[in-house]
Ligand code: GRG
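First, one chain by itself in structure tokens, the form predicted on its own.
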Amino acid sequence: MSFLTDDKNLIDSAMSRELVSGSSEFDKIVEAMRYSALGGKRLRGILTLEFAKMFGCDFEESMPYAVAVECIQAYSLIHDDLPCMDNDDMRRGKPSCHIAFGEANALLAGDALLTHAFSAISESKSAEKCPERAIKAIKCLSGFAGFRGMVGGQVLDLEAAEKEVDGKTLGLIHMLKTCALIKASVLMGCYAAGAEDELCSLSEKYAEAFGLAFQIIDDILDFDGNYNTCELNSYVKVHGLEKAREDAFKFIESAKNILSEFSKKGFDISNFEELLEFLVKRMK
């Protein structure tokens, strides 16, 4: 899937250009921001670029929206790793931000990335050209990333890590913690392109199915074969391995059906089909 590598490289370059101090007083905090933000698969930013492209928007126009999504993703990971949250010392094969820069600087780096996400959009040429699209995107991102979305999901996830949860509660956690930002990523691409409401609605449904499958597969890959040591908020722990695999394929199939609706309307869905195949291969 060469488009994944190509898109990732473009986003990496844009993030590197975006996160600069401009003054020596800010070098330390920007170093911490760059340490955590310049890396990763860029899946969410890629979804933004690819949905924008499908609806006729070039990467130059949609890149600020992809950068914003990746800033939110990076901030969330910094905060997730903090001792008061998941307390993880490693991230992507290197020390977590709070290990490398100290807990206070990591907290502030996350805060800075969160707030900079909205500057990346509002100060862009894309926003100057189409301010109404930028406003819709900012509203979308702030909503899905906030307490009614990703943050709310993280709160529920922390509670679920300490007690057994039922399937309904776990489903809500996944919808908020994982799917919310994936929905935002997809819709940001739609708004960057000025897509019609019907297309935005279909895109959001695809994002939901994709996000649920993505999270279940992550839980399957994390399962070590022992239900006794499995995390309490794991899909495998709550539903069992066989049901987890079954549901992952169900959501993948749902996403494929939504893609067929785009295909009927004349849109090129080949890259999104490849993304779904990528999910399937991760399970094998």
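In case it trips you up, residue 1 is the first one in the sequence shown, and so on. The shown structure was predicted, so the numbers you read here are calculated from the model rather than taken from an experiment.
Below, we turn to the form predicted together with geranylgeranyl diphosphate, even though it does not appear here.
- Contact between Gln215 and geranylgeranyl diphosphate in the predicted bound form is found at the 4.5 Å heavy atom cutoff.
- Among residues of the shown chain, Tyr75 is one whose heavy atoms approach geranylgeranyl diphosphate to within 4.5 Å in the predicted bound form.
- Residue contact check for Lys183: none of its heavy atoms lie within 4.5 Å of geranylgeranyl diphosphate in the predicted bound form.
- Not displayed here, geranylgeranyl diphosphate is approached by Met150 to within 4.5 Å at the level of heavy atoms in the predicted bound form.
- The stretch that touches geranylgeranyl diphosphate in the predicted bound form, counting heavy atoms within 4.5 Å, is 151-159, out of 100-108, 135-143, 117-125, 151-159.
- With the partner omitted from this view, the residue of Lys243, Lys250, Lys28, Lys41 that lies near geranylgeranyl diphosphate in the predicted bound form is Lys41 [heavy atom within 4.5 Å].
- Contact with geranylgeranyl diphosphate in the predicted bound form, defined as a heavy atom within 4.5 Å, holds for exactly one of Met85, Leu202, Cys130, Leu172, namely Met85.
- Scanning 163-198 for heavy atoms within 4.5 Å of geranylgeranyl diphosphate in the predicted bound form gives Lys177, Thr178 in sequence order.
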